[in-house]
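Quick setup: one chain, the form predicted on its own, written in structure tokens, and binding and motion questions come after.
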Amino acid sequence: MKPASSPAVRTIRRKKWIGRNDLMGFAFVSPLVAGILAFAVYPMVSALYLSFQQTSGASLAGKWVGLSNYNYVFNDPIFWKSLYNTFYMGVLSVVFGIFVSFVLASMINSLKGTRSKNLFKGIYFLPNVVSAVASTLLFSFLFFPTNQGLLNFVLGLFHIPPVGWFTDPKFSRISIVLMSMWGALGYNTIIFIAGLQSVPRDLYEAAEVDGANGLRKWRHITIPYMRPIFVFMIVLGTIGSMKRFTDVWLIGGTAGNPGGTLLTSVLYIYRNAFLAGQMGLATAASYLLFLVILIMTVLMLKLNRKKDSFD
């Protein structure tokens, strides 16, 4: 005689079958899943397939060439130059942008009045509502290579000769970094202020009892507590800087002038896809750039997790 099943066992057995609630759940998420498959997964798989083909012009149909496109990109010095330019501007933008934003956020967060805090939040967030095209035009006037530019006019007051901010290869990448810092300053500052307001006040009060001054509290409490926010900002900033296109294209054109110093990886992909008509080559370069971003992101998350294990 078989033992009678308990209610718990019967409930577990019933969960093995798809119930009415499960079907309703599948029905609700199916539009989202269909959208992801149609507009994210399918284009990525198609681009991967296209990267193994040799195409010509606007046609996406081509001849299977295996890894030839990847081999060409690996041996193309222009691709490595574009990757170097991307890293150069990206690292400086992320490092200086996050440092300046965090200092500004700490200063704003230390203000006593709510109105003054909101005033500075609004002021620093204004660049975020300006489009990339408008900000590029604005900086073209500010960084005009003669004394008619505002910055060179100020330098002229100190008898310093005009600087070709966007026209001299020695200064062009730094000028792009300054412009991108200005554009991202407000968003980064708002994120840091939100993180600063989550730091427990009792930690500061305990440090004050021990005689710590403001700088020591900032260094030993605020910065360590904000480490997840730093990692978040670094990962987002790195991904964004590796996809730099609009500003360098508006300033340096498709050649990345002056002297190719503003030729980034995405601009390299754009030139091959829409100017040279080599979509297969462009998608191969796109996947290589994707792998670079993926490896950098995983490494940063791994390093942060390893650091957590020592706490």
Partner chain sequence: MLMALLVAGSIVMIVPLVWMLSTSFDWSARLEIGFPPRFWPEEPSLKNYQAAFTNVPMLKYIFNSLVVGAGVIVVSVISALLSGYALSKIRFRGSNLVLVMALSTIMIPFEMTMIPQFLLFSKLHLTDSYVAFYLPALNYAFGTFLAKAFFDQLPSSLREAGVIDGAHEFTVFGKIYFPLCTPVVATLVILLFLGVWNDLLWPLLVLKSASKFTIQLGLAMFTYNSGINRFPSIIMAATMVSLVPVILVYLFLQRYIIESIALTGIKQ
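Positions refer to the first chain, counted from 1. Predicted model only: the values in this text are computed from it and were never measured.
This protein has a second form, the form predicted in complex with the partner chain, left out of what is shown; the following refers to that one.
- Site annotation in the predicted bound form: the residue of Trp182, Trp80, Tyr204, Tyr88 reaching within 4.5 Å of the partner chain with a heavy atom is Trp182.
- With a 4.5 Å cutoff on heavy atoms, Phe274 counts as touching the partner chain in the predicted bound form.
- Though the partner is left out of this view, Met24 does reach within 4.5 Å of the partner chain in the predicted bound form, counting heavy atoms only.
- Looking at Arg20, you'd find a heavy atom of it within 4.5 angstroms of the partner chain in the predicted bound form.
- The closest heavy atom approach of Ile229 to the partner chain in the predicted bound form falls outside 4.5 Å.
- Just one listed stretch, out of 137 to 145, 91 to 99, 221 to 229, 207 to 215, contacts the partner chain in the predicted bound form at the 4.5 Å heavy atom level, and that stretch is 137 to 145.
- Along 81 to 109, residues Leu104, Met107, Ile108 each place a heavy atom within 4.5 Å of the partner chain in the predicted bound form.
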